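Here you'll find one protein chain in two forms, each presented separately as structure tokens under the names structure 1 and structure 2.
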Structure 1
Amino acid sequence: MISQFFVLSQRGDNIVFRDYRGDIQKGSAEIFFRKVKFWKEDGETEAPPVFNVDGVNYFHVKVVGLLFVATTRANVSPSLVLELLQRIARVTKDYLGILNEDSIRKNFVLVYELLDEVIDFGYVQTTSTEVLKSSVFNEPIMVDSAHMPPLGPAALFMQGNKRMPGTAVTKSVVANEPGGRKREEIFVDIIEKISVTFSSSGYILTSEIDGTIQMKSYLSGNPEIRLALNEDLNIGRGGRSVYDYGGSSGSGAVILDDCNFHESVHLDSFDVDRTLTLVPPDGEFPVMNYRMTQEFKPPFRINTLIEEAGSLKAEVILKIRAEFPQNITANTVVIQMPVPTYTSRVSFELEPGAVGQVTDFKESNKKLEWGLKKIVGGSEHTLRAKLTFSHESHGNITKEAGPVSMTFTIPMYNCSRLQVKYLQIAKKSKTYNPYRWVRYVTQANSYVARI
């Protein structure tokens, strides 16, 4: 049970506000934003997703720069409310096509209609896009995606050498194409977030993959779909190693620790031939979530060396090597490394001919930052940083610096080697042949190398 729901912009502007029960003061949105913006409790600089102020519980999630917030005085399950906020964001995106401040403001009547159907007097009714279609009648006003900032990896749907039309991931599930037609197509994403910790000598201490198979359907008539995964897929630890250097195209068994499926998925033939059968509901939804903790080949190797160069100087050498095939390119790579707190100045030296690389010294939190626009598979990049200290170090500089952390996105690559072998759609007629788009994306969740 929630009392209020509101959406705030990054500036703290109230874009949407709905008070369901009237038992919380009207200025709650401003109280929340001030608390989040100037959070300094528990030694943290970022507010947790759930906190309490003057007897009011505030729950929030950040989605594409917008804050989705719920308040209540009741003792409710935090995970339930956070999941509700994520689902409201997903349903809103399904209807508007693009989720941002501009699209919500232009479609505020539709958004309020959705909220009234999703929540009644603070109680959740439904968050299913398909169910809502029968009771929500406002048409979305489409925002031109040409004026949107680049979608980055989200726009890199590919099928062979064909590239997906740029507007496909920004389409509403209820609006038709110009001319009243509806383009028959379906999108499947295999998104993996990887967590790896390296020791100072380069050995892997921990490694984990959190993956999901996302689907978004624009098929009319909701036809049945058969989605086939690797035949040698095993669920549960089998005691075997899957340390295979073939990357996403390698052979060998794929062993997942555990997985769960969407309620629409039928598993009748899954144990026999690893095929999932489903009738996809409208909107975006996770077909399958999975987790893998056995060893896999990490996409990057990080080598760090720190050498003292006198009493008030030191040199840091950072080397990054891409361990994936040459036909794969990683995007938006950022490497960060904390340096000793008494570092006063840093000068950087990049490789000769380096293109698309930026360096920065964040003096407020004493961190080096190295950004690379893209890294091609098999390549190696080096950064040298000369540190100047405000006073002499009396300890081990290596212990006062690091660890090195890394964020990246690698389209069309996955570490687990889980693959969609085929996507079969029940035919309505001989000429029925909808577009099928499948992409793989690997992202860093926590990619850390100790020094």
Structure 2
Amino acid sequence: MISQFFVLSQRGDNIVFRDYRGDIQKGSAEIFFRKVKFWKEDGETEAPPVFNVDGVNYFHVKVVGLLFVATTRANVSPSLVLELLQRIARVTKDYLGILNEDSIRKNFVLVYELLDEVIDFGYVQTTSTEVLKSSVFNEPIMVDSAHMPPLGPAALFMQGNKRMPGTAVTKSVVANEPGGRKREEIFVDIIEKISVTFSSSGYILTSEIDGTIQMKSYLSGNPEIRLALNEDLNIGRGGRSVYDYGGSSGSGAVILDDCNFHESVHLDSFDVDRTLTLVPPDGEFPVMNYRMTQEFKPPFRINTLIEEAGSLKAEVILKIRAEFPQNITANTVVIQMPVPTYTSRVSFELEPGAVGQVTDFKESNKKLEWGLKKIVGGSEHTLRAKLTFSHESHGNITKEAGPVSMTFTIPMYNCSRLQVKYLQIAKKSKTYNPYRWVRYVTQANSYVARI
């Protein structure tokens, strides 16, 4: 049972504050904020998502720079409360279209309406956007979406790729569009976060894909939907060791280690033909989460070379090769590499004719940073950096630098080869033909090359 729920801005202001049980003294928001802001325990500077101060348990999740917080005195399930906080954020976003400090401030009465119905006396009543519709009466006041980053992974589509209508995902589920009529459309996003660790010799030590099929439906009348995945999809790796790569890569079958499903999903025919049947509830939700450790082709190869050049100098050569098709483009690529702490100066040398590339030496944490706006499939890019040291290095400088880490986003590409083969909307009328958007994206989670 939850005692209080509140949302704090980055500065610690209450944006909404709801007390459900009245068993926690006032000032809890201040106590919480001070604790998080000045966290210092066993050398950590980052507060864990759950902590206890004087018998009060504080839970928080960070969403778009805001802190969503719940308090309780009872020994509750932490997963339940953290999941709930996340869900409150999602429901709020469904209603407001965009979730940020501004939109919550403008719509705080609506948010209170939601909070009244989501939790009663500390017990969760419902988090279904659909059920809540019947008890929310305020009209959302829309805020300008132009430069507001929205919530969640679907934000990836906001970058204005022509094939993907970015603005649609920032639409409220209740607000009518200016034209009065709502556009019938449904979005299915396959979002994959990949983690790869390369050894110093370029060999893959570990790799994992964490994927989500996310859906957001604006269809009227809640029609049933069928979603067909790869027919040769396998789940569970049986008795084989998870990291036993042998052979599977050639067969073309997609093998997931494990997956889970939203409660609206019916799996009746999943075992037979790999189709998921569901009546999508309003709002954004994950249809399926999956995890895969099957071998896959990593989208980038990273080559790093460090050479000493005299006693106070060294040269770093970073080489990135994009190993995906030419019609695909990765964007917002950033490569980081820690250098020895006694590095005092770095000069960079980009390849001739480089466009959209920036380099930086982060003095405070002694890191090289190399940003590339775009990388086209099949291309290769090199950066040379000359390091100057403040004092002589003792021994092996490769031990004092690295590892190289990389972040990127690759739209319309997924490493697992999991596909939505078709998306069928069951509706009688022949003229009914809503827009269907099936979009893929790959993102780096932890993409690391050791040197």
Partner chain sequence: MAPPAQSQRSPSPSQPSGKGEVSDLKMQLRQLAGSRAPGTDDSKRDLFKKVISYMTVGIDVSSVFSEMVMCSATSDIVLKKMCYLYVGNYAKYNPDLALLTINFLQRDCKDEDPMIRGLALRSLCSLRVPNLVEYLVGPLGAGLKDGNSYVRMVASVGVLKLYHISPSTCLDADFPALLKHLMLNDPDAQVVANCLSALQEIWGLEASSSEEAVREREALISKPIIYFLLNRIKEFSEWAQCTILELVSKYAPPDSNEIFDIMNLLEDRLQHANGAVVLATIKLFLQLTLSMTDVHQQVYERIKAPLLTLVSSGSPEQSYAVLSHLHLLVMRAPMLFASDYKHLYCQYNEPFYVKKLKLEMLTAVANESNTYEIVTELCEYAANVDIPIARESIRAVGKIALQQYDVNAIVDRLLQFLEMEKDYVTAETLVLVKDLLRKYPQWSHDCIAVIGNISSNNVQEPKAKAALIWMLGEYAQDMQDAPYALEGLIDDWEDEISPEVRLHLLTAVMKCFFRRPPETQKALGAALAAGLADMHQDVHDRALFYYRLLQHNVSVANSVVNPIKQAVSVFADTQSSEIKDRIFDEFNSLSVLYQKPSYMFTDKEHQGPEDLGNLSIGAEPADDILPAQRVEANDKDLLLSTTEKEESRAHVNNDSAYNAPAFDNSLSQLSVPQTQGDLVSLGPTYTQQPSSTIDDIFGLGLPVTASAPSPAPPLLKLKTKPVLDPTAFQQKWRQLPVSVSQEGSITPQGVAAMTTPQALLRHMQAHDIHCIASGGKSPNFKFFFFAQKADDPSNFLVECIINSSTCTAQLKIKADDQTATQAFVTLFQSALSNFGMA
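Residue 1 is the first residue of structure 1, and the numbers go on in sequence order from there. Between two forms, the rigid core is the largest collection of C-alphas that superpose within 1.5 Å. Nothing here was measured: the structure is a model prediction, and the numbers come from that model.
Peer 1: Please let me know, 1 or 2, which structure is the form predicted on its own?
Peer 2: Structure 1 is the one predicted on its own.
Peer 1: Is the C-alpha displacement of residue 17 equal to or greater than 2 Å between structures 1 and 2 once the rigid core has been superposed?
Peer 2: After core superposition, the C-alpha of residue 17 moves 2 Å or more between structures 1 and 2.
Peer 1: Superposing on the rigid core, does the Cα of residue 123 end up 2 Å or more away between structures 1 and 2?
Peer 2: Yes, because once the rigid core is superposed, the C-alpha of residue 123 moves 2 Å or more between structures 1 and 2.
Peer 1: Core superposed first: is there a CA shift of 2 Å or greater at residue 58 between structures 1 and 2?
Peer 2: The answer is yes, as the C-alpha of residue 58 shifts between structures 1 and 2 by 2 Å or more after core alignment.
Peer 1: I need the CA movement of residue 49 between structures 1 and 2 once the rigid core is aligned, reported in Å.
Peer 2: Its alpha carbon moves by 2.7 Å.
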